[in-house]
Every structure is written in C-alpha cells, then in structure tokens.
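Subsequent text provides structure tokens for two forms of one protein chain, presented individually as structure 1 and structure 2.
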Structure 1
C-alpha cells in the first residue's frame, strides 16, 4: 500500500502557478516618484523661486520704484527678452559668447594642469612647500583687475593677456584647495601603505591623490567661478570681443536691455561651467555622490 500510494502521488499533475501580471504604469510612476521625490521637490522650489524673482523684477521696473535704489532705468524682463530674441540671431553676439568660452577653457585648463600637480607636490614635500608657498601667498590677494596693466606689458597681444588673467584667477583657488586636501590625508593610511611595501609613487597614486580628490574638485568649482569674474573684468578693460566687452559696450551706448542680457548670459555660462565640473566630480568620485 505505501508503494501504491507513492506511485499515485507521483503521477498526480503538478500545480502550475499562473504568471504574475506586470506592474501597471501607475505603479511604476508611483515608485519613480518616491525614489526621486527629493529631487523633484528641489526642482519645483527652484522654479517657483525664479518665477517669483521675475515677478518682483517686472513689478519694480513697471512702476519705476525708487526706494533706496532706483529702478527708473532698469529694463523690464520683457525688454530683456526682446533684446535676447534679437541678439540670438546676431552672429556678433554668438561670437562674443564663443570667444569668452574659449578663453575660459584655455585659462582654466592651464590653471588645472599646473595647480593640481603643484598642490600635490607642495603638500607631499615640505621643501617645495617652503619655497613656493610664500610667493603664492603674496600674489594670491592681488585682484585680477590689478593684473591688467602688467598683463598687457607681459604679453604681446590682448588675447594672451586676457587668457593670462583668467589663468591667474582660477589658479590660486585650485592650488589652495589641493594643498588643503593633502593636509587632511590620514597619516594612518600612509603608514599602512608603507608597511605593506608600497613605494612613494604608489602611495602618491593610491593614497594621497584619491583622498585629496574632493578638495581638488572643490577648488576646481571655486576656480571656475573666479575665472569668470577675472575674464569679465579683463574683457571690460582691455578686450575687443567677449561677453564682458559686450556688456560694457552696451553701457557705453546706453542700451540698458543689452546690459541685463550680458549679465544674464554671464550667469548662465558660469552656472553651466560649474555644473559640468560637478558632474565630472560625480563620475570620478562615485562614492561621494549623495
């Protein structure tokens, strides 16, 4: 009997579980919203903030408010938009933007290529730090606009002098932040690498450089902002093309809408540059992404 029962049990048909239905679109949308709720909230608040700023700007300029500061000659958002619609079809305006971006790219790239390795070397070798740091500290507080006459004397063309001033503006924040990152490297990690037989080059590559990367990218972000400030100052004084020159020329010609357009263009270009650097930082340092 037990054998017969087992045979009957073995021949019984297996229970087939029906396939589960795929999640509906509403379910997927709800999951996506829960995962990205914080980012959506930040985006919504940012959009509301910009709209509120535009509304206040429109009201102040429409009613020509005079309270501590005067809005009698400040262009309205609609006037600036009309100027933008006209300038976007003007090849000269696009050339101003492209030249400024090229100067920023060259000056900032040179500053990063020189500043990051120099900061790493100064942070690792005390003698190099003692030689270079005093000179850097004397030159660092000099504003970019004060370098304009000297840059004109040093370089044969205005283009080279403007790139040089842009380089100086971004070089010192990069150097100082790289030095700060090197000073915060945990010495326990260095000693552990030495105990494992790592050579100086390996310690530099595997310990110092990764540990300093967050501060290096902080310096790159700050340096990019200062580079734009330095570039605009140089273009306003000694340039013949560029978004800084465009803004100053608009002031000279009493074209108030173009002044605001130039300022907004500078802000958007600076924001875009910083976003690119932060994005590169997240790619290089995925462990630091929040």
Structure 2
C-alpha cells in the first residue's frame, strides 16, 4: 500500500519543489482510506457480523424459536435495549461499571506484578519450580465461586476479598503462560549469550524475557478474560455495587432483560480491556506486530 501512495505522489506535477498548497481534503481522505483499507474492511465486517448477530437474536426471540435450544423466554434485543436506556440514566449503573473496572484493574495488575516475575523465576530455577508448581496446580482448577467464603474470611474488608478473587482468576493463566514461554526459549540462544560472556542478569534481561514476552502477553490476555469471568462470583460478596452484582441481583429477582444487559456489559468491558492489552503488547513488542 505505501507503494501505491508513492506512485500517486509520483504522478503529481513534474515540478521538483514540494507543492505549496496542501493537498485537498478529497486527496487526503483517499490517501487515508488507501492506507487503512485493511483495517476498515475488518471494522466493516465486524460491524456487519455484530448486526447480523443482533438480527438473528431478534428473530429467534420474536418468533420464540424452539429448535434444540429454546428461545421461548429469552429476552429480545429490544427488551434489553429498553433496560439499557433505563439503566444509562441511572447514576447507579455507572457506579456499577466504574467499581467493577477498578476491581478488575487492581486485581489484574497485582496478578501481573506477581505472576510474571514468579513465572520467570520458576522457569529459570528448577528448585523454585519444584516448590511452587504443585501448590499452583492444586489451587488453579478451583473455581472463583468456591473461593467466596474463604475470601470473606481471609481479608479484612469486602473490597479486598473481591479484588482477591479477580486476582486469583487472572493470576494462574498469567503464571502458566509465562512458564510456558520460558520453557520454549531456544537453549541455543542462551548458550550463545553465555559464550559471548553474558552474566545471569543480562541473559535474563536480553534473552529469556524478550523471548517469552509473546507468551506473557497471551497469558495477560487470557488472564484478563478470566478476571471478568470471575467477576460475578467476586461481586456476590459486595452486595451493593459492581456489574457482576448487578447481574446477580437481576438473577435473584428473575429479571431476564437485566441479566442479559449485565452479561453484555461484562462482555463489552472484557473486549475493551483485551484490546488495551493487545495494544500494549504491540507497543512492547514491535517485532511481533500483527
């Protein structure tokens, strides 16, 4: 694509001096379009596929389709939109979302701060691995909801209990993926660095860390997803605020449209946070862009 842009610049008047008048708006727009064609295509298709999803959902619920799965009582997109437009005027709903984002942010950041270094160290030093790995493997499959009573007893405040559960959710995927990344580091690279006289610290900084970064970021993305997954369980403790609590309360009052609204909100927030992490990944690892 840059090639076409250059070609176009080439077909400009044969005067060597740069054009004094700025290119017209149309040219700029065209250039921008050519540069971003792939991205635009993806966005357009994405929007169409989302619209198609909404349409299918609408049709399935309007005609209350029963075919293996039953849409008889599933709320329609319009019903969910109605509760959305009600919720958006309610300052409490904003509060739910803000508090949830804060909890996820703290829990996830802590998980990254603890999980990544721990994974790196476990990958490098066998003894640490042997000590920590069995414990981690036992704790890893325990679902968030099972942690609820323990979390309440472990931490002095409810806010800490909630953050703890989101922390657990993202901690294990981060740890496991970091470990995996470490195990895939090419030993030839390590030996080469050693031959060149690199010390342990530099090997760590220059070889292990960059080589396992792609897996660390996979771990972060997965971990962020799981943090949102554990949100409902975590916010059962809150009893007041949080989008997970909102969904849970809608369930206790059997309000299907609000349940769907909560689910979608969690989905959208989850998507947003994954995009942020992927963006960060691209900044940190320009070599592995795309």
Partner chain sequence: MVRHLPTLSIAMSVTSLALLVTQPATAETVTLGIGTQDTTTNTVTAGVVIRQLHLLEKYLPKDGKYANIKFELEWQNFTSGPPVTNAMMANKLQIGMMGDYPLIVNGFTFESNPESKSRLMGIAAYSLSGSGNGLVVHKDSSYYDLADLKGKLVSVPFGSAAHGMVLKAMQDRGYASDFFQLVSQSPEVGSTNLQEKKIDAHADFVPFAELLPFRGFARKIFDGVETNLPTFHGIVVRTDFAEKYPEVVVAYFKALIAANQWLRDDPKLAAEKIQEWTGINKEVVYIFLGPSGNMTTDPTVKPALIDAATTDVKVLQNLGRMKEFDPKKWVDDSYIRKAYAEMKLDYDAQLASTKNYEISGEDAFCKKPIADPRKAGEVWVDDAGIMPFSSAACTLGAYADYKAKGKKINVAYVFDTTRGIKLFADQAFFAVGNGDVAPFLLKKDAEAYAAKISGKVLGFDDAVKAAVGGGKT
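Residue numbers count along the first chain shown, from 1. Quick caveat: nothing in here was measured; it's all calculated off a predicted structure. C-alpha atoms forming the largest set that superposes within 1.5 Å between two forms make up the rigid core.
Of the two forms shown, the one predicted on its own is structure 1, not structure 2. The two forms, fitted on the rigid core, differ between the two structures by 2 Å or more at the CA of residue 239. The rigid-core alignment places the CA of residue 72 2 Å or more apart between the two structures. Core-superposed comparison between the two structures: the C-alpha position of residue 257 differs by no less than 2 Å. In the core-superposed comparison between the two structures, the CA atom of residue 40 travels 3.3 Å. In the core-aligned comparison between the two structures, the Cα atom of residue 31 sits 6.5 Å away from its counterpart.
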